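Form predicted alone, single chain, as structure tokens, below.
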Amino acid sequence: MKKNIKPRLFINENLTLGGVYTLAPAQAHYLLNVLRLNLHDEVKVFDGKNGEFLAQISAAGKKETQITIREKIREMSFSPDVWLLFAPVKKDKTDLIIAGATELGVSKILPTITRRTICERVKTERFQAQVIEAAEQCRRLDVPEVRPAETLENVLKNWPKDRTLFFMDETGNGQNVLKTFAADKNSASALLVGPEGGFAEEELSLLRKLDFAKAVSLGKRILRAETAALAALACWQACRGDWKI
């Protein structure tokens, strides 16, 4: 690893200038054994609340590795307020959704169990580790919240009425995705992507009756679940998020 390319770590503590923090064993192993960093080498760190800091490895022992915060290098900024609801799919495809959604600036991830969801075992801790890793790599300052999996019915039952829910309607009955995103005036949004095989008819019927839900179409082609999730987020960012001109 080139010395001028500093590694970046999420520290789940309240970071302050001059503060000394003990790294988790996995983080210490990564810096010392994988990247071969040494005492006094520098790393970038962030906590999701206070911006980004430059830190120095101030202790590198076998039992404990510590860093000391030296300088603040970026003020805190938060990603747009958009949630992603998706039906879990096969492991590698779910990994792609989680990492891609983090890179695309989603603020909350809600695994949602639908009638046709094939993979119902959801490991929330694993998803949380994945969003942290993706945030470290893409230079985000905040980390998306990962919620435990819930059924679609339960999610809708407790839905905040001031947040628009855009659901991807693969039947061709949805409105143009870009025009619909641009026309909606709610500051808070959520995107719902169905499972492989699509939503069941009763689920679509339920969604179409909800005042806060809007059906959108991603075009004539039927997209894979992971493609649809990332395409929808990219469209939302272009119309409503921090890509908007």
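Source: prediction; values computed, not measured. When you see a residue number, it is the position in the sequence shown, counting from 1.
Absent from the display: the form predicted in complex with a small molecule. The rest refers to it.
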| property | result |
| --- | --- |
| Selected contact from M168, I109, A149, A134, since only one has a non-hydrogen atom within 4.5 angstroms of the small molecule in the predicted bound form | M168 |
| G219, heavy atom within 4.5 angstroms of the small molecule in the predicted bound form | yes |
| 4.5 Å heavy atom contact, A225 and the small molecule in the predicted bound form | yes |
| E42 within 4.5 Å of the small molecule in the predicted bound form, heavy atoms | no |
| Heavy atom of I67 within 4.5 Å of the small molecule in the predicted bound form | no |
| Per-stretch contact check against the small molecule in the predicted bound form, the hit in 44 to 52, 205 to 213, 31 to 39, 187 to 195 (non-hydrogen atom, 4.5 angstroms) | 187 to 195 |
